[in-house]
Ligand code: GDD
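Just the one chain here, the form predicted on its own, laid out as structure tokens.
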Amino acid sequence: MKALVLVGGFGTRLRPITYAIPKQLIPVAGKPMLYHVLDMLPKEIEEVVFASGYKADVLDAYLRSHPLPWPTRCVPEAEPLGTGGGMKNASDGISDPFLLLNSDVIADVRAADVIAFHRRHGGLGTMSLFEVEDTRPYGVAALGEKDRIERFVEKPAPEDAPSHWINAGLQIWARKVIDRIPGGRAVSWENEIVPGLLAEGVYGFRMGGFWEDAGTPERLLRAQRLLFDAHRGGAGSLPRGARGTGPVAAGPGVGAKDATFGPYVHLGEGVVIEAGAHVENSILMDGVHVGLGASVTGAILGPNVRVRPASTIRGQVLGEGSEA
């Protein structure tokens, strides 16, 4: 079985960091978001195919310099094609069935369990589902006997939502569904294609554990907390000479003597936190420098950001090389 990973989108809600890199390469709890997503895959996957769009060259270069356990291939699109169009554009040689993954979902699920469920039910497809309170940003499934999906509604108003079970971003489909996607234009998989497949048998795999769509700063930091709490965030120990609680995922060459930390912090390579500074619930990418006595809380700082001494940074997203 092969996996097809959707990595399009401009990451607008995580700007200005995503002016330089795709959102899937923003680090969280010790490694890029995308690499946490791929942790769901079993070792036996034959190939991982990335349906890429924005900053496709940056993604391809990163995958080459940080190889995964499986063969990989990036298939860029010349213009935005939507989820369905991106799938069709990258579908040459795809397996039957194939896995389909969203690239910004952090979840406590194993693809092997969803594959086993799919084989037991024998349908055209299986969608992993997670129960949420607010269904408005998501595709929502109505479930019938044996968890067969009877309706699927994309981003319904609360009063129109058929349930609280949403598409959790890990799916399995027969290869022939690709033939249902029109070529040569942008296509919404969720709106235009999925509702027409339900009559042929699509089932919902109800997830437990945790789940987060990490597409906004607040959700990305929440995903980091979930990963650390599940012990999926690296060693979690404080940098040498620092004080505080942690957990902290620290890359090579971090200096933080006499700095203090609260919980849930990612520190990229070469980050320097000067004495008396405090960092918590934040992501500091490679080369960030936090000055004497400064405070960084609930923030995402791009590469080589400089925080001036005694400054307070709270809830901000700062792009590469900026100063605050």
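As the structure is a prediction and not an experimental result, all values here were calculated from the model. The numbering used is simple: start at 1 and walk along the sequence shown.
The following text describes the form predicted in complex with this ligand, which does not appear among the structures shown.
Undergrad: In the model of the complex, does every one of Gly86, Gly139 and Phe152 come within 4.5 Å of this ligand, counting any heavy atom?
TA: Every residue of the spot touches this ligand in the model of the complex.
Undergrad: Counting only non-hydrogen atoms, choose the one of 103-111, 176-184, 243-251, 196-204 that falls within 4.5 Å of this ligand in the model of the complex.
TA: It is 103-111 that comes within 4.5 Å of the partner.
Undergrad: Using a 4.5 Å heavy atom cut-off, state whether Gly123 contacts this ligand in the model of the complex.
TA: No, Gly123 stays farther than 4.5 Å from this ligand in the model of the complex.
Undergrad: Indicate whether Ile94 is a 4.5 Å heavy atom neighbour of this ligand in the model of the complex.
TA: Because no heavy atom of Ile94 falls inside 4.5 Å of this ligand in the model of the complex, the answer is no.
Undergrad: Does any part of Val317 reach within 4.5 Å of this ligand in the model of the complex? Heavy atoms only, please.
TA: No, Val317 stays farther than 4.5 Å from this ligand in the model of the complex.
Undergrad: If we define contact as a non-hydrogen atom of the residue within 4.5 angstroms of the partner, is Leu284 a contact of this ligand in the model of the complex?
TA: Output for Leu284 is no: heavy atoms all beyond 4.5 Å of this ligand.
Undergrad: Are there residues in 1-38 with a heavy atom within 4.5 Å of this ligand in the model of the complex, and which are they, in order?
TA: Heavy-atom contacts to this ligand in the model of the complex: Leu6, Val7, Gly8, Gly9, Arg13, Lys23, Gln24.
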